[in-house]
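As a starting point, one isolated chain is supplied in structure tokens, in the form predicted on its own.
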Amino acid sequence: MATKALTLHNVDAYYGDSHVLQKVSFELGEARMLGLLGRNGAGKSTCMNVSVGLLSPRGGSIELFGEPVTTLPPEMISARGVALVPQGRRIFKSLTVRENLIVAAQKPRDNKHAPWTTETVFSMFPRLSERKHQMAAHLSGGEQQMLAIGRALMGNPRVLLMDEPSEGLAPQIVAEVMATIRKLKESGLSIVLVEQSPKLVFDIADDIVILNSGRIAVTESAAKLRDGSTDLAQHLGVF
């Protein structure tokens, strides 16, 4: 039986009185990539925030490799091996590239993956190496996204959550970022990828979950959805 890296079961989440997630359930398999899709406001980022402890669910449960993490604070969930590449990057602009990476460093929790260090991050992103002593505020949008990914990897995560990594980037840079994500997937990392562009996700994900107004509308393998038998337009708009 395949190991479940991350499980959300009947999760309810609110912002104030707004019921944003309603009985949301999905599973991320170990060494697999799950694409999380949906229109703006569907609840995708809220799923990420709940998974890393930034928003406490009012119902349901969350497990990491079979261990409950529902009530844990963000720092404890991070220590158990979950890292987030947030929407909007949120790098530390007053620090250098190298300092951004160092502040996020954590020791590996297992021997399944080669450990991430500043050297391995710079190897994956040579442009960051060239700018390692530069203030992060002076990086281009694409370089800032690379730094956000590198910073998450410095936590040596077992599960990587990526929220809109292509947002606001030029097509060429998007292609570079997606090639990097593909390499991370091939390395055996378990990944949840949130994206506005279904085509980007369908090209790389193993499994697809589509949210519609805070509820799960579709859960299927990417391969089965590619055959066109499911009408995705009603959940995603133009596709």
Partner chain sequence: MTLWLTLAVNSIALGGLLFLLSAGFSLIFGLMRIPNLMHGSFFMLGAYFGVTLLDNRIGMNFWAAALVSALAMAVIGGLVERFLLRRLNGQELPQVLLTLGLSFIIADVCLMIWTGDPWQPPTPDHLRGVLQVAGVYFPYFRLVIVLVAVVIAVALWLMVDWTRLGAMIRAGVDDAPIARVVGIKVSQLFTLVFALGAALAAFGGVIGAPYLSVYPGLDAEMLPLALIVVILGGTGSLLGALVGSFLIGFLYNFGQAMFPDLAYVILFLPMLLVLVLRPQGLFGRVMT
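Residue numbers count along the first chain shown, from 1. Quick caveat, the model's predicted, so the values are computed rather than measured.
This protein has a second form, the form predicted in complex with the partner chain, left out of what is shown; the following refers to that one.
Enquirer: Any idea which of 81-89, 116-124, 139-147, 163-171 reaches within 4.5 Å of the partner chain in the predicted complex, heavy atoms considered?
Expert: Flagged stretch: 81-89.
Enquirer: Can you work out which of Val52, Ala205, Leu36, Ile191 has a heavy atom no more than 4.5 Å from the partner chain in the predicted complex?
Expert: The residue from Val52, Ala205, Leu36, Ile191 that makes the contact is Val52.
Enquirer: Is Lys93 one of the residues lying within 4.5 Å of the partner chain in the predicted complex, judged by heavy atom distances?
Expert: Yes, Lys93 is a contact residue.
Enquirer: Are any of the heavy atoms in Arg131 no more than 4.5 Å from a heavy atom of the partner chain in the predicted complex?
Expert: No, no contact at 4.5 Å.
Enquirer: Is the gap between Arg158 and the partner chain in the predicted complex 4.5 Å or less for some heavy atom pair?
Expert: Arg158: no, not in contact with the partner chain in the predicted complex.
Enquirer: Should Glu75 be counted as a contact of the partner chain in the predicted complex, where contact means heavy atoms within 4.5 Å?
Expert: Yes, contact at 4.5 Å.
Enquirer: Are all three residues Asn212, Ala217 and Glu220 in contact with the partner chain in the predicted complex, where contact means a non-hydrogen atom within 4.5 Å?
Expert: No residue of the spot touches the partner chain in the predicted complex.
Enquirer: Could you run down 184-207 and flag each residue that has a heavy atom within 4.5 Å of the partner chain in the predicted complex?
Expert: Stretch hits: zero.
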